[in-house]
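Below, in C-alpha cells: the form predicted on its own, a single chain.
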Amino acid sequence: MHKLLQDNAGETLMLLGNEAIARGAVEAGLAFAATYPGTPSSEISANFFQMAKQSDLYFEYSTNEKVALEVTAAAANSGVRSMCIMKHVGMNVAADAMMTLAYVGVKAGLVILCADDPYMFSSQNEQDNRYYGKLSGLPILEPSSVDEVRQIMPYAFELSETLQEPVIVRTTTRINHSTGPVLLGEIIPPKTKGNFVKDPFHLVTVPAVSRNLHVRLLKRLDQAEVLSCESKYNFIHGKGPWGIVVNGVSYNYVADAVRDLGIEDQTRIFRVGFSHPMPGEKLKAFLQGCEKVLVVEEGEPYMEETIRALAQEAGLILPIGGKAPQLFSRLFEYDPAMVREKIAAWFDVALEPAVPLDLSDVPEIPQRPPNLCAGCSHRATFYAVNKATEGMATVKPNDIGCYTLGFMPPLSAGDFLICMGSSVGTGCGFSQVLDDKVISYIGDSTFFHSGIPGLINAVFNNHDMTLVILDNHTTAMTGHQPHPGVDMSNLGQEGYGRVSIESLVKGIGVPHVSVIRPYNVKKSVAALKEAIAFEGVSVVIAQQDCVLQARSLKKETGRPFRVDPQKCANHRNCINDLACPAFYMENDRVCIDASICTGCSVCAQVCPENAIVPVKEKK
C-alpha cells in the first residue's frame, strides 16, 4: 500500500513537503483531485496518481488548470471533498473559473493548492499569488514548515465548508521541496459519491443572480476575517517592544535570527498563517504594543501594505519597515543569513559577521548552460528547421516546456516567450506585421493545454505561419505526466481515451499538415521546407519519444556512436550545429561519451566526412 494511505496515526515519517500536502489531504477525506502538472507542485499530483490506483480517490491530469478547477468545482458542488493543484502561473489560467466560482461557492470542501516559485527555479516569473486571494475574495492559508502543511490541509477543508467557499493553500518552493519529520493524523474515510441539488438562482451566474452572489461573497469575507483573527495559524510569541510580522518559510529564518541575535526578550513575532483576509483587529492590537515593526515576507509587500493601513486606521505612528533598498527586496528567495542581517540593521543590533569559510582550495564549479538532453529529438527538429530556413529571415516564438532550452546558440530556437500556449498566438501577431517567416514551436502537452485556441485563430484569420508541434508523447519537463495525446497502454494504464494531434489539427482545418520523425534529418528538412514555403497555416508534427521516458520504460534505444579519428577532419559541425552534451573535447578533438549517447544518429547524419559511426559493441 502507498505509504501515504496507511492508517498509522501518531507515527512520524520523513516526508517531502509535497508528500505532506498529499497526506494531509488524504487525512481530510479527499475524494476527488485534478491538476495540470507544474513544478514545484508536481509531486503532490504524482502521489495522488499512484494512490488513485489503490484507493477510492479519483485523480486526473486535466488539460489545463482552468479545466482542473472546473471539474473539481463540479465535484465539490456535488458534496465531494475536492482539490485542485497547480503552480503559481497556473493560477492565471484558472483565474477565469476561480473569480466566478468565488461567487458560486461550494457545498463540500474545495482546496486550491497553489505553489509559488520565488527565484524562478523553474518558472517564467515569480508572481505572488496572495493577490489572487485579495482579487477573488477567497481565504488563503500559508504554512511555514513541512509538518505544518500536513496539519493545515484538514483545516483548509473544514474552513472551506464553514465558509462554503474554495480555500487557497499557498506554498513556496522551499516548503514543497523540503523534507522533514511529519506527525501523521487520522484518516477520515472519503465520501466518493455526491448529490447535486439543482438551484439555478444561486448556481447559474447570469447578471441578476451574480449581483446577489457578490453580496453574499462579501458577507462571507467578513466572516472569514473573524475566523482569521481566531485562527490558531495566526499566532504571536515573545514579548517586547520590537515587532516582527512574518509568513511562510521566512518564519523559521526570523525565529532563528532573533535567537542568534540575542533579542528574544525584546521581540514579539506575529506569524501570519491565515493571510487572507488578514487578521485586522488582532494585528492592530499587536501593533499597539510595538515601538517599531519589521515585516518579513518573500515576494511582494502584501502584508506590509495591510499593516501600514491598519496602523493608520488605529491612529498609530510607528516605524514600519519591509520592502526598501536597504531592507528586504521584492526579488528572489530569502535565506537565514540575509534575514538576520536585515533584522539587525532595522533594530540597530550589533551583528557579529560570520567568518567566511576558506574556500580557496575548492576548485571553481564549471559553468553549465541550460541544454537539452543527449539524444533529445527536439535538438534534431531545431537543427532541421535551421537547415530548412538557411538564408531566410525568421522569427521563432517558443513555448513553455523542456524545448524552451533550445533558445541558446547554436540552435537559437526561441525569439519570444510569455506563457503557456503563447507561441501560437504571438506567431499570429508576428506574421501579420512582419515580412519575416514565422515558425512557432510548441510541445504536445502545452498544445493541449492552451495551444489549440491560438491555432484555431490562425486558421480562421488565415495567418501565414508554420507551427511545429514537438510531440515526445509525454509532459517531459515536469516529470513525464500523461496528457490527452498519450497512449496510456504504454504506461500499463487502461480505461483512458486518446486524442490524435494529427486528426485534431486536420479537423480544425489546417490546410497543410505533415508528420516527421526528427531522427531522420534529410526527410525532416524536406518536409519543413515544404511546410514553411506554404502560404497560410502549416503544421509540422515532430513525433519521437522522449529519450528519458523511453529509457525508463525499457524501450529499445540505438547503439552509441563514436568519432573515427581516421575520418574526422575536425570541422566540428557536430558541436557547432547540435551541441549535444554527449560531445566533449580531448586533445583538441571531438569525442563522444558513449555512456550518455543514446544512438539517435543525428550527429552521424550531420558529419560531412561520415566520421561518426556506431560503436562495435551494443551498450
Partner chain sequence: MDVTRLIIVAVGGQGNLLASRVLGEAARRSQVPVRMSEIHGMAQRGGVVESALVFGDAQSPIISDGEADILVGFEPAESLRALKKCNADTTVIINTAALQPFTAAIGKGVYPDLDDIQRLIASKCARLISLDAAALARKAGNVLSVNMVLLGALSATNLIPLNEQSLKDAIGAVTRQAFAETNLKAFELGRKAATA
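Positions refer to the first chain, counted from 1. Predicted model only: the values in this text are computed from it and were never measured.
Quick note: we don't show the form predicted in complex with the partner chain, though the next part is all about it.
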{"property": "One stretch from 197 to 205, 423 to 431, 179 to 187, 507 to 515 that, in the model of the complex, holds residues within 4.5 Å of the partner chain by heavy atom", "result": "179 to 187"}
{"property": "Any non-hydrogen atom of M303 within 4.5 angstroms of the partner chain in the model of the complex", "result": "no"}
{"property": "The partner chain contact in the model of the complex: T12, any heavy atom under 4.5 Å", "result": "yes"}
{"property": "Any non-hydrogen atom of P370 within 4.5 angstroms of the partner chain in the model of the complex", "result": "yes"}
{"property": "Exercise: P581 in contact with the partner chain in the model of the complex, heavy atom 4.5 Å", "result": "yes"}
{"property": "Every residue of L16, S122 and I575 near the partner chain in the model of the complex, heavy atom within 4.5 Å", "result": "yes"}
{"property": "Heavy atom within 4.5 Å of the partner chain in the model of the complex - residue from R211, R259, R498, K193", "result": "R259"}
{"property": "Listed residue that, although the partner chain is not shown, lies within 4.5 Å of it in the model of the complex (heavy atoms), from L218, V226, M392, A354", "result": "A354"}
{"property": "In the model of the complex: members of 333 to 355 within 4.5 Å of the partner chain, any heavy atom", "result": "Y334, D335, P336, A337, R340, A354, V355"}
